[in-house]
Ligand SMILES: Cc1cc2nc3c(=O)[nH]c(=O)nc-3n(C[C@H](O)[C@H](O)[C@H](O)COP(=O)(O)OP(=O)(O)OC[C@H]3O[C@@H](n4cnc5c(N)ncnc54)[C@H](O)[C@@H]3O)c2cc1C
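The form predicted alone is given below as one chain in structure tokens.
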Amino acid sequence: MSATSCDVLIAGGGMVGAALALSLARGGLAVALVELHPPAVFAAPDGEHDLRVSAINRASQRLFQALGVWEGMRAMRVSPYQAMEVWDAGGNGHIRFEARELGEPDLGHIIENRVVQRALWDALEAEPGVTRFCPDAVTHLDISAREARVTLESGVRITASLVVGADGARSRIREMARIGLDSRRYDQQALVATVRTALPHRETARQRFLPTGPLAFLPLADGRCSVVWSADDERAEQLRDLDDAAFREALAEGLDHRLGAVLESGQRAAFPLRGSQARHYVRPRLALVGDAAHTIHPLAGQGVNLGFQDARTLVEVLLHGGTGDPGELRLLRRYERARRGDNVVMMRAMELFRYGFGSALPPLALGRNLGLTLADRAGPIKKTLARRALGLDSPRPPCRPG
């Protein structure tokens, strides 16, 4: 049984965990990254799109640029979008955002999760400050005042000053640390698919709020759209079981035929939706980031961007906190104070949107339609909303490519 030591052990090498590992190593810390599943191979830019995509905002893009992985993602496949339209099926409320109104080249990028992870892992392969254990998993965690001791499934034992749980919504690290989770089911499922429509998407993301949940068509660079339909459980199961022709018709009708008929639809999958917050983001010598710390409704596409902001903030605290001990609780609490409040506010805001747009009560229907219309006409308010969503006011990360 071999043994080793490091400054920071990160459990979970997905998008957020890999970005955190690369950032900390670039900052001079010795990092161990433990991941059960090797990242998927990206075969060719003209191959089939993966069902799992993320809307990457400007703040996350800046992180990738600072780490030197953005060009690698672009070489694989990214899909910029220039505009976003949101409207309500229960009225005439409508709002449209355009990149040119903000003086920006785009409003963000739709990127497959596997592309993000693959680019980060390609960079990790050349990073001497990161030791990867894959495929492997943490089976035992013991935390003392001075260090954390971890045992892996392979039998390797690792001593670290800090353990970070970046291992997703069902985090084993969170469970091992006995950190409670406040969670609520939304009684909805996110149905995802890739489709081709009769009319061009014109690099515009579209979202229509239906009584059973929001339907989003996200533009892809090859002319197709990635669909995310967050529907109540009963409706989601109906959609899942439709034959292809009926499913395509339901999609076209759901988007009010804004892109004409849906001509093609590939594989589809459904994922249950829930919102959650870990009761603590940190313990002595332990921190949680990304979905291990929080999950939100996907209607605004902010989930993974919040995770990358967690990583940016934790890097800032660990590299510039001045204590020299990355596992010190006083240091880690700075990270928790900086992130937990913002994440809770975003989760509650998404729940409010979901409730407000899912209600058939006449006062709420009138209010939401009026609110959309007024926000669309009020330039300063719309600009503020857009900048907030894009992360344009976020500081640049304290890490540089090397």
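Residues carry their position along the shown sequence, with the first being 1. Please read these numbers as outputs of a predicted model, since none were measured by experiment.
There is also a form predicted in complex with the named molecule; it is not shown, and the following applies to it.
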{"property": "Site test, V16, V138 and V192 vs the named molecule in the predicted bound form, non-hydrogen atom cutoff 4.5 Å", "result": "yes"}
{"property": "Close approach of D291 to the named molecule in the predicted bound form, 4.5 Å, heavy atom", "result": "yes"}
{"property": "In the predicted bound form, H37 touching the named molecule (heavy atom, 4.5 Å)", "result": "yes"}
{"property": "Close approach of T159 to the named molecule in the predicted bound form, 4.5 Å, heavy atom", "result": "no"}
{"property": "Contact test in the predicted bound form: L67 vs the named molecule, heavy atoms, 4.5 Å", "result": "no"}
{"property": "Option from 209-217, 253-261, 303-311, 320-328 whose residues, in the predicted bound form, bring a heavy atom within 4.5 Å of the named molecule", "result": "303-311"}
{"property": "Listed residue that, although the named molecule is not shown, lies within 4.5 Å of it in the predicted bound form (heavy atoms), from S154, S276, Q238, N113", "result": "N113"}
{"property": "The single option of R96, R172, R74, R149 touching the named molecule in the predicted bound form, heavy atom within 4.5 Å", "result": "R172"}
{"property": "Residues from 151-168 in contact with the named molecule (non-hydrogen atom within 4.5 Å) in the predicted bound form", "result": "A166, D167, G168"}
